[in-house]
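In the form predicted on its own, a lone chain appears below as structure tokens.
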């Protein structure tokens, strides 16, 4: 789950990481009140989860109240990166002497957190990595021991910092790692970490991404439609299902993520294209009606392919749910089913009883679905 910049900066502030003075505005009155409180100039920053705001003209220096109002009124309702802008952060500008980069994220290969730092900031870390890879410092962190003081000292030294600057950045590093752990985060990033001319450090931006699997603990945060690229993905997530919209015309419903990925590969190998990734296995197999309803909402779907493999969740129980769902929704498009697992004979009887052909072999079912999709 991604957080907006203003949300990230609120978390930074709580963790003791300095941030610029800022006020969130959602309309003209809010913009005028913010400027009246903070004074001029201000920086207007559209609040969206997608990147490249600067290149899209969604970050702007405002030297008058009318300019700030214009940004807010013109940006609210505008779309960027598939998302509608609903708020604008107005901040006091920073007196920049130096920009740096700091983040804590997960190294999937090593299976541990990693502190990433650079004595240069202000641009995408990928750009820094391609242009000056030697400038990036990576410090793996044992998750049980945490970020140790010697690791912070080593990192700050490799960034080329010393004296008061080194002490200030060290404090921010420690706070950033503490925030990363307390949030169950996948990423916390400051880019740029600004050293102002008066010697103060300030987080110029804030990116925070929380692991979706930890949201049951992180009750402060709730995923909304803006967190998803498609409204069907949001509807599925609200019902505890995994759905990803693809560009094909074969709707796919499978019991389990691994089986779904295998089925998608088989569709591709047989010359077809899947319309979605959808799995309702494990604890969600009883939600077959919801899964079916969501898959059918995609107008690209010409044929529905159902592949089940029921072991702990028995195949006949899964079939009962699917039969009820199909009888309830009465889809008009062709349906192909491959049913395997515990009590599979009974499961096939149930599905055939409503006129849907079933196959013992998944590859055979996939080939038939691809044929129907091409007709």
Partner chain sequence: MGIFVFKDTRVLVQGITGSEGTFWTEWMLKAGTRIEAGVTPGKAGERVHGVPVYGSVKKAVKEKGCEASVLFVPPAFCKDAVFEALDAGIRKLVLLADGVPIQDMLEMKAFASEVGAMIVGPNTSGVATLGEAMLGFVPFWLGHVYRPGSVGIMTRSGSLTNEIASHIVKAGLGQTTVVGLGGDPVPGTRFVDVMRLFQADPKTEAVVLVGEPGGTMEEEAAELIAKGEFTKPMVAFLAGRTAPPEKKMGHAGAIISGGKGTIQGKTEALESVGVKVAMKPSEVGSMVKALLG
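Between two forms, the rigid core is defined as the largest C-alpha subset superposing within 1.5 Å. Nothing here was measured: the structure is a model prediction, and the numbers come from that model. Numbering follows the first chain given and starts at 1.
Keep in mind that the form predicted together with the partner chain is not shown, yet the notes after this line are about it.
A heavy atom within 4.5 Å of the partner chain in the predicted bound form is found for exactly one of 152, 195, 115, 264: 264.
Residue 268 is the only one of 98, 297, 268, 302 with a heavy atom lying within 4.5 Å of the partner chain in the predicted bound form. By the criterion of a heavy atom within 4.5 Å, residue 341 is counted among the residues contacting the partner chain in the predicted bound form. Although the partner is absent from this view, residue 204 stays clear of the partner chain in the predicted bound form, with no non-hydrogen atom inside 4.5 angstroms.
Contact check for residue 289: no non-hydrogen atom falls within 4.5 Å of the partner chain in the predicted bound form.
Though the partner is left out of this view, residue 200 does not reach within 4.5 Å of the partner chain in the predicted bound form, counting heavy atoms only.
Looking at 248-256, 89-97, 155-163, 115-123, the stretch with residues near the partner chain in the predicted bound form, meaning non-hydrogen atoms within 4.5 angstroms, turns out to be 248-256. Shown without its partner, the chain has 217, 229, 233 in segment 217-236 as residues with a non-hydrogen atom within 4.5 angstroms of the partner chain in the predicted bound form. Put the two forms on the same core and the Cα of residue 204 is off by less than 2 Å between this form and the one not shown. With the core held fixed, the Cα of residue 272 is displaced between this form and the one not shown by 2 Å or more.
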